[in-house]
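Listed next as C-alpha cells is one chain, alone, in the form predicted on its own.
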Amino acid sequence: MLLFYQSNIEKTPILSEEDSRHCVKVLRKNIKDKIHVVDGLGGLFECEITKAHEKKCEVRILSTKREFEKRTHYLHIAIAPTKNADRIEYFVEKCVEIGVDEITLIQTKHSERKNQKTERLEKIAISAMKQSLKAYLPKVNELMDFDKFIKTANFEAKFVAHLSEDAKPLKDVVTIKNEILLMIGPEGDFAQDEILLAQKYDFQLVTLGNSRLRTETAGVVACAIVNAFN
C-alpha cells in the first residue's frame, strides 16, 4: 500500500501539487485508479482518481477507516537541536517511523544551535508518516526555552536522559503509560542546574545504556524503548 497525504481530504478531495505530481507523473496513475490517502489525524481513505492532473489530482472517497493503527499511548519527545541540522532531521524521520506523537525542540544552556526551521522538519515528518504506513502526523513544535518547557510540562510519566550515577536505565523504569514525556539534551548534555530544575518538576533521571550516544541517536533509542513497552 502506498500512501498520499491531504489534511483536509474530506472537504477538499484534491492531492497537493507534490503528491499529485508523484501520483500522476511518476506512478502514472490515471482516472478510476484506486489510491490510499491519510489525513494525519488517524483517517485512512480509499479513493478513486476522478481527474488525473499532475498539479491537481482530484479524487473521490470510496471508504474510510478511523483511528487507523492507533497506539495506546502518547509519546512526546523534547530534544535540543543538534549543531548539524541533518542529524535532527534524521531523528525526526526515524522517530516518526517508529512511533511518536509530538516533538518539541528545546533551547538549553549547552545548545549549539539557537534556531531551527520547523517547516523542514514537518515535511520530513509527513514523508516518514507516508513511508511507514501511518495515519497520524506527529506535531512538531517551535523551539522553546528549557525553563519554560519544564514548568508547563504536564504528563503522567516524565523522564530526562542524563549521564548520571543516580539515573536508572529507561528500560527498567518505563511502564505502560498513557502519556509519556522524554527529554534529550544537547551534545554537551544538560547543565546541572537544568537537571535540578527538571527533578523539582518531577522528571525522573534515566540512562539509555552504557554507551555515550549522540543526541539524535539517543532520541531514536528512547523512542524505540518506550514503544517496545507500549
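Worth saying up front: this structure is predicted, and the values here are computed from it rather than measured. In this text, residue numbers run from 1 along the sequence as written.
Another form, the form predicted in complex with another copy of the chain, is not on view; read the next lines as being about it.
The three marked residues, Tyr90, Ser132 and Ala228, each reach another copy of the chain in the predicted bound form, with a heavy atom inside 4.5 Å. Scanning Lys171, His53, Lys177, Lys29 against another copy of the chain in the predicted bound form with a 4.5 Å heavy atom cut-off leaves one residue, Lys171. For the options Ala153, Ala157, Leu143, Ile98, the one in contact with another copy of the chain in the predicted bound form, meaning a heavy atom within 4.5 Å, is Ile98. Proximity of Val220 to another copy of the chain in the predicted bound form: non-hydrogen atoms within 4.5 Å are present. For Lys94, a non-hydrogen atom is located within 4.5 Å of another copy of the chain in the predicted bound form, even though that partner is not displayed.
The closest heavy atom approach of Lys25 to another copy of the chain in the predicted bound form falls outside 4.5 Å. Under a 4.5 angstroms non-hydrogen atom cutoff, another copy of the chain in the predicted bound form has Glu187 among its neighbouring residues. You can rule out all but one of 143-151, 104-112, 74-82, 124-132: in the predicted bound form, only 124-132 has residues with a heavy atom within 4.5 Å of another copy of the chain.
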